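Coming up is one lone chain in structure tokens, specifically the form predicted on its own.
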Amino acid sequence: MNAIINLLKSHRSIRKFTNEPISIEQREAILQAAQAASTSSNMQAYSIIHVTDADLKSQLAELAGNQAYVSECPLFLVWCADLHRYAEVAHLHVDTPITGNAENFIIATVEAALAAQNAAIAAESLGLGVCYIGGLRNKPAEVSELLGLPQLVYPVFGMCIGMPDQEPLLRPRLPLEAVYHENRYAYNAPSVDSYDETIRDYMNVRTDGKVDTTWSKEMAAKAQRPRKHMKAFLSSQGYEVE
């Protein structure tokens, strides 16, 4: 099709990196690409924390579920939904309380994700690999304390970036007909059944026959591990998620 689409379609999560450092020029290009992402009413309701302190990275790796690549990657970024800055600048002109209401929560979370995805694409275009770290939400209060996050800011996820030191298989996605609908929503069970077998084959190859599972089994297992603490945590940070 074209180079950009081919790059997007070749995305893989990289969890092993070489020791090659990320240059200042590369880092700035990645961050500038992130800032070019779409933003609602130009709110730019996110912040990016570059964690350079080795001890801090190790603590975050532990909080994220002992994911060693958090501490080992050359560049680790924490993407935060940020309404604090929005509130600060708004209060320069009005006394209207700025809250983390449902709409603002959605905006800030989406904008952090949009900016991060731009960064991921930029990094991959430079030959680098990335891995999102949702495990930071395992212990969001502890992460927030370590990073000094104020009210109306919360860590959405982390991101490891570096030169890949592995060549993982490309993980198959759901068939297009499972996610694409015309005019009205229609759950497509046969496409999911087909995908189950695709993932079974993929996992068999990836693990040399050690794991026999399907996508639906993985989703059922995930459903048993909800991060129920997130509601209370978000409320403590000033987000109204009732």
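Residue numbers here begin at 1 and follow the sequence given. Note that the coordinates shown come from a computational prediction; the quantities given were computed from them, not determined experimentally.
Quick note: we don't show the form predicted in complex with a further copy of the same chain, though the next part is all about it.
Although the partner is absent here, residue 182 lies within 4.5 Å of a further copy of the same chain in the predicted complex, judged by heavy atoms. Looking at residue 59, you'd find every heavy atom of it more than 4.5 angstroms from a further copy of the same chain in the predicted complex. At the 4.5 Å threshold, heavy atoms of residue 71 stay clear of a further copy of the same chain in the predicted complex, well away from it. Within this chain, residue 201 is remote from the site of a further copy of the same chain in the predicted complex, having no heavy atom within 4.5 Å.
Interface residues of 48 to 71, taken as those with a heavy atom within 4.5 Å of a further copy of the same chain in the predicted complex (partner not displayed): 48, 49, 50, 51, 52, 53, 56, in sequence order.
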